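One chain comes next, on its own, written as structure tokens: the form predicted on its own.
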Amino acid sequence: MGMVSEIREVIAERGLGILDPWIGSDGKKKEVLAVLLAGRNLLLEGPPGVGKTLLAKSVAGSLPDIQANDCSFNCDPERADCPQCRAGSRAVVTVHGAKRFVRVQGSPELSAEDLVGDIDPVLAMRYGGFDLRVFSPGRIIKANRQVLFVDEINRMSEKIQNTLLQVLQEGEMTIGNFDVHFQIDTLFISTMNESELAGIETLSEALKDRLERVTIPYPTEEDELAILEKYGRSVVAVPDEITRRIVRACQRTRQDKDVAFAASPRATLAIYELCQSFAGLRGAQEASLEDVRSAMDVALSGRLSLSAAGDEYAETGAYITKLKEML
């Protein structure tokens, strides 16, 4: 059974429950699952910290366990045909669903060899440069029968984007002195931050045309409160009203024209947990607004960046001081 058939069966059985770890609208969950049901390549676009990676991991976590040969190509034992399996018998291992997840971190320094693979010089001396056994697979090939997750795909150079496109579309490439032909059965999920953010490159037109884009927005106030309840570390009590004020302060930065890089849900979570630490340090059993203000200094100083319109604050610290006064 191929990956698309597998995910279709899982969706038919569990529906939106596949994405329960991610807290957000059912509408967005439906968009994600619709792309996967169609067997299309998924691109999740949104600001940092909104759970794009969590969505991808949730898909992998829903997959069933499989049997695979203990080879770099993750071969099906009944249809093993990679160079490593042809060279000799391989042990059969169980790959658990949550482990069927291969991550590639997008970066300008990423090379074709990282993605596709390269020739192992030691094996080349043993078998000769033209023997397929000398080929050492890269991350894409290792994603056979797994989720291939490419984080920040648009930080790759256009050359590497085109390499990725070739592999996904044609399933073959030239490595060194010989052609390597193989089929990759994968669910392809990628992410990118909002295209208007500074420092973000563009996707090549050819690759963009083969990705179905789903935008992931910042969570609503109620969803962000639910995120804190589900994922926030609890050391001392945080009154509900104080928790809501933390969320509102971070949401305010996302609506402010003076802010270029706003407080992400990770920042909200950091403030929530740090305010408990400050309360614990003074021996209290409950966090106060003053603990929240101390936490904001730590959590936001390295995260917020002001836009040109925010010059009146002179520096980020002045803006954080304003936020603390508004609690």
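None of the values given here were measured: they were computed from a predicted structure. The numbering used is simple: start at 1 and walk along the sequence shown.
From this point on, the text means the form predicted in complex with a small molecule, which you will not see here.
Visitor: From the candidate stretches 276 to 284, 46 to 54, 296 to 304, 59 to 67, select the single one in contact with the small molecule in the predicted bound form, where contact means a heavy atom within 4.5 Å.
Guide: Residues of 46 to 54 come within 4.5 Å of the partner.
Visitor: Could you tell me if N193 has a non-hydrogen atom within 4.5 Å of the small molecule in the predicted bound form?
Guide: Result yes; N193 sits at the interface with the small molecule in the predicted bound form.
Visitor: Please run the contact check for R266 against the small molecule in the predicted bound form: heavy atoms, 4.5 angstroms, yes or no?
Guide: Yes.
Visitor: How about I23 - does it come within 4.5 Å of the small molecule in the predicted bound form, if we only consider non-hydrogen atoms?
Guide: Yes.
Visitor: Indicate whether I227 is a 4.5 Å heavy atom neighbour of the small molecule in the predicted bound form.
Guide: Yes - in the predicted bound form, heavy atoms of I227 and the small molecule come within 4.5 Å of each other.
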